[in-house]
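In structure tokens, the next block holds one chain alone, the form predicted on its own.
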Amino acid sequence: MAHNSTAQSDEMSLGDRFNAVAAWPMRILFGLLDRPFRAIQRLFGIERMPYIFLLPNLAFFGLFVVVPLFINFAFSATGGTNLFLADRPFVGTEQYRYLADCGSYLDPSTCREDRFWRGIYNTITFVVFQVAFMVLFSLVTALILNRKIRGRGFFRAAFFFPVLLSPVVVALIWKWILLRDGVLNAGLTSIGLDRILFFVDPTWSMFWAIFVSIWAHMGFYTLILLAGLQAIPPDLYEAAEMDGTKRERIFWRITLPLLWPNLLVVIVLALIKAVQIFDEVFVLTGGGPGTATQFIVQYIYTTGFSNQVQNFGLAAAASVVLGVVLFALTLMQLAASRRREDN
């Protein structure tokens, strides 16, 4: 018995020795870091330490977000094709006046920069249909996945899986499916139907741009709505069922009002994401046919970088217009989040 206790003590001592040796490098590292942080704490005081820890992140944010914003504003007030600001003439608001010069804002062909306005109208069309169907499908999917169905965990993972994929990967997968000799047309010809040239017809191109975007992002919004549904107390549903309330009335009187804060967040986030659409559609359709699926972000990209004559000032002015729209949508998101917290 004494022999066993001695062996256990030897094993514990070996384990303690191993832990001490393994922790030795970390102890040295923490000791080296401790001295400068103690000196900073003595210099600035313990109440200012959170700002010290935030300083590297704020510096990174300022260098890669705030500074480029000011540079972009500066470019939007200049003209010419030179890259460096010192070589570009100051034109004030000329770029904005050029973008706004239209005979009729309802007809892009009457505008001096018709591609900009076609990009705006295409973006509006995309946002209206994509956000509407995104919210609808996400809500229906969340309601179904919130019920006790067989394989619920699998379906939740399956709906969320596309969110984990890169937008470029998503676009390449669907492009492989929708090409003239792709999987979908192979299936159509196998049952005796004609091929459909999805990327030649403007209507089909816009449809698939909306569909692929919904398929890629719906899982994220479904997750938000599912969390909201699970936060609703079950007692409310039990009381409504005991009173003999119909399911439709339960949805309109209980589920939707209590889910509305989550639904509002989903709507605003979907709006922000839809306005910024670029990579998926750029890889899927290239903005074609013609300019049928060219959205505002692609206009900025082609004007500033991919055109033979690169107009940095015009692209910067268009990005400022887009930034104002996104800023307004962000304010809506913050207001929706605050309202959700208050409720």
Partner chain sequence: MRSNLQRLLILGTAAMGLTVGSALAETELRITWYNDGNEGEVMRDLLDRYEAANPDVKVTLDVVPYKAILESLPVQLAAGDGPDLARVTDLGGLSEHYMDLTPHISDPAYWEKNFGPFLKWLRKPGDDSSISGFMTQLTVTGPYVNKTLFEQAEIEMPGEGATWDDWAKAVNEVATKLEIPIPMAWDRSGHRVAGPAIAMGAKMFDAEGNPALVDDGLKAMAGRLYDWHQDGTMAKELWGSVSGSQYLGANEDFANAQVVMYMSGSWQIPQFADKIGDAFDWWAVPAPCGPAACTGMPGGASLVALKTSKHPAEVGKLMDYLSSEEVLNEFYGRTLFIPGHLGLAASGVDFKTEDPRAEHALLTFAAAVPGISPIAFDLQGYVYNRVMFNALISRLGEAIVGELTLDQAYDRMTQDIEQQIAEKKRGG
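Owing to the predicted nature of the structure, the values given are computational and were not obtained by experimental measurement. Between two forms, the rigid core is the largest collection of C-alphas that superpose within 1.5 Å. Residue numbers count along the first chain shown, from 1.
As for the form predicted together with the partner chain, it is not shown, yet the points below apply to it.
Enquirer: Find out whether any non-hydrogen atom of Phe305 is located within 4.5 angstroms of the partner chain in the predicted bound form, and reply yes or no.
Expert: Judged by the heavy-atom cut-off of 4.5 Å, Phe305 is in contact with the partner chain in the predicted bound form.
Enquirer: With the partner left out here, check for me: in the predicted bound form, does some heavy atom of Arg97 sit within 4.5 Å of the partner chain?
Expert: No, Arg97 stays farther than 4.5 Å from the partner chain in the predicted bound form.
Enquirer: Can you tell me if Glu248 lies within 4.5 angstroms of the partner chain in the predicted bound form, counting non-hydrogen atoms only?
Expert: Result no; Glu248 lies far from the partner chain in the predicted bound form.
Enquirer: Do Glu238 and the partner chain come within 4.5 Å of each other in the predicted bound form, heavy atoms counted?
Expert: Glu238 lies outside the contact set for the partner chain.
Enquirer: Could you check which residue among Thr189, Asn82, Gln230, Ser104 gets a heavy atom within 4.5 Å of the partner chain in the predicted bound form?
Expert: None of the others qualify; the residue that does is Asn82.
Enquirer: Contact check in the predicted bound form: Cys111, Gly286 and Tyr301 versus the partner chain, with a cutoff of 4.5 Å between any heavy atoms. Do all three pass?
Expert: Checking in the predicted bound form: Cys111, Gly286 and Tyr301 are all within 4.5 Å of the partner chain.
Enquirer: Based on heavy atom distances of at most 4.5 Å to the partner chain in the predicted bound form, which listed stretch, 199-207, 230-238, 263-271, 129-137, is the contact stretch?
Expert: In short, 199-207.
Enquirer: Pull the contact list for 178-198: residues with a heavy atom within 4.5 Å of the partner chain in the predicted bound form, in sequence order.
Expert: Stretch hits, in order: Arg180, Asp181, Leu197.
Enquirer: Could you tell me whether the Cα atom of Leu85 shifts by at least 2 Å between this form and the one not shown after core superposition?
Expert: Yes, shifts by 2 Å or more.
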